[in-house]
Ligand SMILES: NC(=O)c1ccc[n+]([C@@H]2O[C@H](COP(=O)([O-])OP(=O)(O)OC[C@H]3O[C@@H](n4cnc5c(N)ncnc54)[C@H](O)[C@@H]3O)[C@@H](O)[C@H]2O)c1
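Listed next as structure tokens is one chain, alone, in the form predicted alone.
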């Protein structure tokens, strides 16, 4: 999808790049000519992708550990001497839970992974991005804007990612650093498959996820990767942008009342 020279000479850091959307982003930047440093907690998966893709360097990293993030930035600079783009992709979607099933501790842990790790890495990267008038791409989620049933903590973290993107875009504009986010809808990834497998009828869950898009399919990680390359290389007058990658899932009307919701049927008949 991406030409081989759009990001030639650029150095890109991608978090959570070992599989799924993150791996799709790593592949897209490599295809565009960039040098890519990517991190993941899954060292085996990360090493396998590093071996597959020339022009990449893998660093094992826990997004909740500031020391790991400092190492990620310092190793990137040591190996390549510059930093042009950070893609904050690492995140987690817990299995479905009603509000009373959630816990403060679980919410706090999710904030650490989905939001605070992103914030910490961004702070560490900014001095180097400013030197090159680089850019940041945060991976948020459609549900941060429209909500999702049985996912209060996750939705809250992703809504915060989108809001943080816009605030940071304002502050960093004086340095020429652009800050944008991509908000995917249903993208077919190992995490989506795992979440479906945890439901009573995985096939029905996957079908429901597929039919949520007017386009009649889920997105692919490569498509998110292509969007990230576009924001990094071509969208030079875009900052504070939330790019929805949803197949149109947020469009139109649909059946929204969940099972068990009291329903009042209005009628014009006497």
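What you are looking at is a predicted structure, and each value in this text was computed from that prediction instead of being measured. Residue numbers count along the first chain shown, from 1.
Quick note: we don't show the form predicted together with the named molecule, though the next part is all about it.
Margin query: If contact means a heavy atom within 4.5 Å, which one of 122-130, 98-106, 85-93, 72-80 is the stretch that engages the named molecule in the predicted bound form?
Written below: Of the stretches listed, the one contacting the partner is 85-93.
Next item on the list: Identify, from the list 164, 111, 146, 191, the residue with a heavy atom within 4.5 Å of the named molecule in the predicted bound form.
Entry: Looking at 164, 111, 146, 191 one by one, just 191 meets the 4.5 Å heavy-atom criterion.
Next item on the list: Have a look at 227, 61, 30, 49 for me and say which one sits with a heavy atom within 4.5 Å of the named molecule in the predicted bound form.
Entry: Answer to the contact question: 61.
Check: Does the 4.5 Å heavy atom contact test between residue 140 and the named molecule in the predicted bound form come out positive?
Finding: Close contact exists here: in the predicted bound form, residue 140 approaches the named molecule to within 4.5 Å, heavy atoms only.
Notebook entry, point to check: Even though the named molecule is not shown here, does residue 21 get within 4.5 Å of it in the predicted bound form, heavy atoms only?
Noted result: Yes.
Checklist line | Touches the named molecule in the predicted bound form: residue 42 (any heavy atom, 4.5 Å) | finding: Yes - in the predicted bound form, heavy atoms of residue 42 and the named molecule come within 4.5 Å of each other.
Notebook entry, point to check: Closest heavy atom of residue 115 to the named molecule in the predicted bound form, within 4.5 Å or not?
Noted result: Taking the distances in the predicted bound form, the answer for residue 115 is no, it never comes within 4.5 Å of the named molecule.
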